[in-house]
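Shown here is one chain on its own, the form predicted on its own, set out as structure tokens.
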């Protein structure tokens, strides 16, 4: 009697990229899947995201294609994860985006950009410049007098709740989760993940460890252009306000304002390139961020109660471009990194692409546009097994 051997696959890293890859891999009954993550410093779990990439002035067209497709992918992705049930608004909700600029001409320029991009990205929705009184109709606490560009297709996402939701569904499909930090090596039989209880052998490995990718690939003699960026956020509570349907707010600077349900509002995040993997909270910096956000948008924020602080680690490359694909010299070792602050927008789609590569399918995003070989390079000849 013939017994089919299941393909042993490991996913190292359970941020948004890793859990998304794991979700799609877990749906394949021919795969025996294990996910590894120690839960320390993960950027996704600290993050609250704005899914509204269309109005960026960044000129990198390949980056824009990734985030545009990532934003369009979100509703289908979560509908799949929820098996057609309603997507929890505490995880993801389309609420629209308000973009502010200090120069009104910049708003006109962004409106022109958005209208051109909407031809290939109808999910942008309605676009128009709103006067201050119309901004107040959407966000009653607005106390300033500047206009804003409105894009109705913008959405908010809670990174921690997103990861928990997707990971739960992958587990229901049979994936195993090991909550510890691991290392990687290669043997004649495949790839070895070293855990506290001993080595585990896998046929294929997905490395979705963001800024920790150099640490994982170092023992295999690779240098990786991926480094940590610290991001800090602060959560405040606006007592007495129904914030459930308020849009996300993007002033100039780091002080994005992301309203969630029941008066909870996230402000941030910082982009700190010199802090390494330091996760210490700088309360003074975050309190200053509240003041700056209040000066730009609403004095009411100054009286809001502080509920919590968050700190996490993103990954970025020397040219701030993301990459993914098979690790050079390896057919069954796959990696992604460098998504930076757009990780929540592009992460689910990049995760799906990694799963497609494991399953020997053509990825939804073209590998040639995000060439891993520019960022992951061998320092010595690989061993011959």
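Numbering follows the first chain given and starts at 1. Since the model is a prediction, treat every value here as computed from it, not as a measurement.
The same protein also exists as the form predicted together with a small molecule; that form is not shown, yet it is the one meant from here on.
Shown alone here, residue 87 lies farther than 4.5 Å from the small molecule in the model of the complex, counting heavy atoms only. Not displayed here, the small molecule is approached by residue 208 to within 4.5 Å at the level of heavy atoms in the model of the complex. Taking non-hydrogen atoms only, residue 121 never approaches the small molecule to within 4.5 angstroms in the model of the complex. Although the partner is absent here, residue 22 lies well away from the small molecule in the model of the complex, with no heavy atom inside 4.5 Å. Contact annotation for the candidate site: 13, 38 and 48 all lie close to the small molecule in the model of the complex (heavy atom within 4.5 Å).
Of the stretches 227-235, 164-172, 75-83, 296-304, only 227-235 has residues with a heavy atom within 4.5 Å of the small molecule in the model of the complex. Of the residues 181, 264, 117, 101, just one reaches the small molecule in the model of the complex with a heavy atom at 4.5 Å or closer; this is 181. With the partner omitted from this view, the residue of 249, 95, 269, 149 that lies near the small molecule in the model of the complex is 269 [heavy atom within 4.5 Å].
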